[in-house]
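The data below hold one chain only, encoded as structure tokens and taken in the form predicted on its own.
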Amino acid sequence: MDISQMLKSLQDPMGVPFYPFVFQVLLVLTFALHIIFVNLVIGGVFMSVYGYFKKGNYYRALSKAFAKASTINFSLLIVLGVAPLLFMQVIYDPFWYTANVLSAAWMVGIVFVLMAAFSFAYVFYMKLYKDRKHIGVWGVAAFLLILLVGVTMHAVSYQALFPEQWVNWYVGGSKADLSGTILHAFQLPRFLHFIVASFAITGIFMMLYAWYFKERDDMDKSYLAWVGKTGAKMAVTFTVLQMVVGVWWLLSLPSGFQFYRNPVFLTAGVLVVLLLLVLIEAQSNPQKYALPAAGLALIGVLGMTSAREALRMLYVGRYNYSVYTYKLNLSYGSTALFAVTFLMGIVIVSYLLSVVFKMGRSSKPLDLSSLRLRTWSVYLMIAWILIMIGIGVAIAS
């Protein structure tokens, strides 16, 4: 079987509506945002449960804070996961759809697992704030289900990289396996590379928490100092562990890739080292270094997602597959509408974030008139609605 020809035949015959490189960049950017909230949910739910069982006033307060934040982060995780999923389907459709079909039961079930995980996390949050007893089981169940989602997504994404195995997995002996109940591929260091990072990112989040609330007069300053130091220690410990797991993953890659020489990977590695140095310095004053650490973490995650995409290109390149040779069928209208909507969304989301940021930073009522983006956000929403109505009328007529 000519795998290269098979992959080309599985591509969308209509091609892509714009240059593949643009979709690839958007895939990396949106996946970076998505994975940050994945990390915050995994680490946040764990810390909320850990704080509940740990007892003590500080741990109980931290448990409540993380339980509340995790429900919000969970929602953002799901919303931000849609975009990279769609971009993946545009330029890697032969790999993504085949891997999904091979484990269809898992991919359909993941929706219900996500719903259950969110529900359990929310019940844990609500009962925790009401000081109900014996509620730890809800938090533990939520954490385990989140890990199950991670296992599923990892396995399906990983098995997409081995098209030469697809037929063997599908046939599975003397007859075809139509159940879709098997996860066919799993790589422990690759999976742990995502999980361990969750606790490093969560530690930085705790540093930001201490920095963010330090201006409020209704917050316990000693508690904030404890949160910052605990987070800084957690961040540096798991960043080192993340680097160890990263080396393990690097050594498990096919030797022919020589990925240790890849400039994208080397850049990502330098960013992680810089982050580690900042975190080491932050041990003495976590609040002072919270913003630099968060900024470097964000850039570092972006570097790692870029390296992940470079590695995927090496995997699919073994079969002479390149996103840059995908059939191009330019559609300027739909692309322009997407770009305008995207830019409008940035303005509106920026306004909402600025409101949320200022509301939480002070215990006093917020004067929204000082936010310049408010008027622009309203005008842009009206303009976008009118544009969509106009397009609908034009198509209908």
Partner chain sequence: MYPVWQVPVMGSALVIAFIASFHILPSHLATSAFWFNVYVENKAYKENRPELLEFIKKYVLVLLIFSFIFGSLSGVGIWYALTVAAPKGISALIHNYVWGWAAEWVFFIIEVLAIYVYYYTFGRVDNKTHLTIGLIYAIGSWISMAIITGIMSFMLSPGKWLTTGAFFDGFFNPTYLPQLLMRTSFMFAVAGLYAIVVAGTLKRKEVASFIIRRASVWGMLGAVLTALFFRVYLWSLPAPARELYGMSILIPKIVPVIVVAAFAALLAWFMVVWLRPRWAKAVPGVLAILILLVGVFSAESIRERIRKPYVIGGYMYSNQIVPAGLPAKGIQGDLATIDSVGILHYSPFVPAGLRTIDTADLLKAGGEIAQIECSACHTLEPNGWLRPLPTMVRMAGLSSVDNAQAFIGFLDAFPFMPRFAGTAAEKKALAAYLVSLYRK
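Numbering follows the first chain given and starts at 1. Under this definition, the rigid core comprises the largest set of C-alpha atoms superposing within 1.5 Å between the forms. Just so you know, these numbers come straight off a predicted model, no measurement behind them.
Beyond what is shown, the protein has a form predicted in complex with its partner chain; the following relates to that form.
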I'd like to check something about residue 180: if you look in the predicted complex, is any of its heavy atoms closer than or equal to 4.5 Å to a heavy atom of its partner chain?
yes
Could you confirm whether residue 322 comes within 4.5 Å of its partner chain in the predicted complex, counting heavy atoms only?
no
Give a yes/no on whether residue 170 approaches its partner chain to within 4.5 Å in the predicted complex, heavy atoms considered.
yes
Residue 71: heavy atom within 4.5 Å of its partner chain in the predicted complex?
yes
Select from the listed residues 86, 144, 250, 137 the one whose heavy atoms reach within 4.5 Å of its partner chain in the predicted complex.
86
Among 237, 267, 75, 187, just one has a heavy atom within 4.5 Å of its partner chain in the predicted complex, namely 75
Can you work out whether its partner chain is within 4.5 angstroms of a heavy atom in all three of 230, 294 and 297 in the predicted complex?
no
Can you tell me which of 304 to 312, 200 to 208, 101 to 109, 278 to 286 lies within 4.5 Å of its partner chain in the predicted complex, counting heavy atoms only?
101 to 109
Could you pull out the residues of 12 to 26 that have any heavy atom within 4.5 Å of its partner chain in the predicted complex?
12, 13, 14, 15, 16, 17, 18, 22, 23, 26
Given a superposition on the rigid core, I'd like a yes or no on whether residue 10 shifts its C-alpha by 2 Å or more between the shown form and the other one.
no
Rigid core fit then residue 25 CA moved by 2 Å or more between the shown form and the other one:
no
Superposed on the rigid core, does the Cα of residue 388 end up 2 angstroms or more away between the shown form and the other one?
yes
